[in-house]
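Shown below, as structure tokens, is a lone chain in the form predicted on its own; questions about how it binds or moves come after it.
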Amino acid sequence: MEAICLKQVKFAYPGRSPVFTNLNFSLKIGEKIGIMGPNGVGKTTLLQIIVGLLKPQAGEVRVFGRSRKDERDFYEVRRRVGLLFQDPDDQLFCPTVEEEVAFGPLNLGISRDKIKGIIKRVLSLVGLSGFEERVTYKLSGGEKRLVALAAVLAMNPEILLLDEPTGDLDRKNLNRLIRVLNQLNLSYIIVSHDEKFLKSVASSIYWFEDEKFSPLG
């Protein structure tokens, strides 16, 4: 079953040449896809179109079997699909790690008692147990990235979209991220320039260029 399907999508940023003129893409439930490609081909744009942060000028975006057009259509998508931004500073805005991880579940109406358990679980999963009271802006780049991932996982998503998740990660935290991804029973799309990393976490890797996805390996 297709979880995500983009058909004949056209998208251009205002005043610029089109990024996509006829993009087709799909992700089946259970797939773990890695995407590589040159800078500027639209990898980040693709992820943001899927969750409705960017709206195409033409074509269809179907997620979980429904066509998504208006902002309201994407409310459900953003509850069920977690996007990890390329720059964690674009994602983190709460003063402490605990507040950051709790923010999404609180907005879903989950009780504070249950949220404490969620915080403990996801921080343990990403190897940051004991970071609850740490100030987010004082964390290292790699720690920020893992906190951002913990905040996404706290929402209990069905699909993950990860945009260059290995940036700022040292070897220890990179290995930690690999372990986390291999433990998750989720579908995901990972955009990365690191082919070795993708081979360790993705079941299929594609080279994306000129709106075409070519299998690697």
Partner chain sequence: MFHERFVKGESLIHSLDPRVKLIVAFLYAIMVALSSKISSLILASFFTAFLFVLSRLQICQVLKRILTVNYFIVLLVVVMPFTFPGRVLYSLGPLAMSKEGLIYGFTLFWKSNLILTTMLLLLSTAGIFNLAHALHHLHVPEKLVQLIFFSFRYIHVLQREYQKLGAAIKLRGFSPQTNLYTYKTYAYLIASLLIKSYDRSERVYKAMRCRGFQGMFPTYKHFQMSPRDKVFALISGIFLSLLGFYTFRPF
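Residue numbers count along the first chain shown, from 1. Keep in mind that what you see is a predicted model, and the values were worked out from it rather than measured.
What follows is about the form predicted in complex with its partner chain, which we do not show.
Across the proposed site, A12, L27 and F64 without exception lack any heavy atom within 4.5 Å of its partner chain in the predicted complex.
Figure note: of the listed segments 43 to 51, 162 to 170, 29 to 37, 179 to 187, the one touching its partner chain in the predicted complex, with heavy atoms no more than 4.5 Å away, is 43 to 51. With a 4.5 Å cutoff on heavy atoms, P95 counts as touching its partner chain in the predicted complex. By the criterion of a heavy atom within 4.5 Å, S140 is excluded from the residues contacting its partner chain in the predicted complex. Using a 4.5 Å cutoff between non-hydrogen atoms, I115 counts as a contact of its partner chain in the predicted complex. For L83, a non-hydrogen atom is located within 4.5 Å of its partner chain in the predicted complex, even though that partner is not displayed. Taking its partner chain as positioned in the predicted complex, the residues of 97 to 123 that bring a heavy atom within 4.5 Å of it are, in sequence order, E98, E99, E100, A102, F103, G104, L106, N107, R112, I115, K116, I119.
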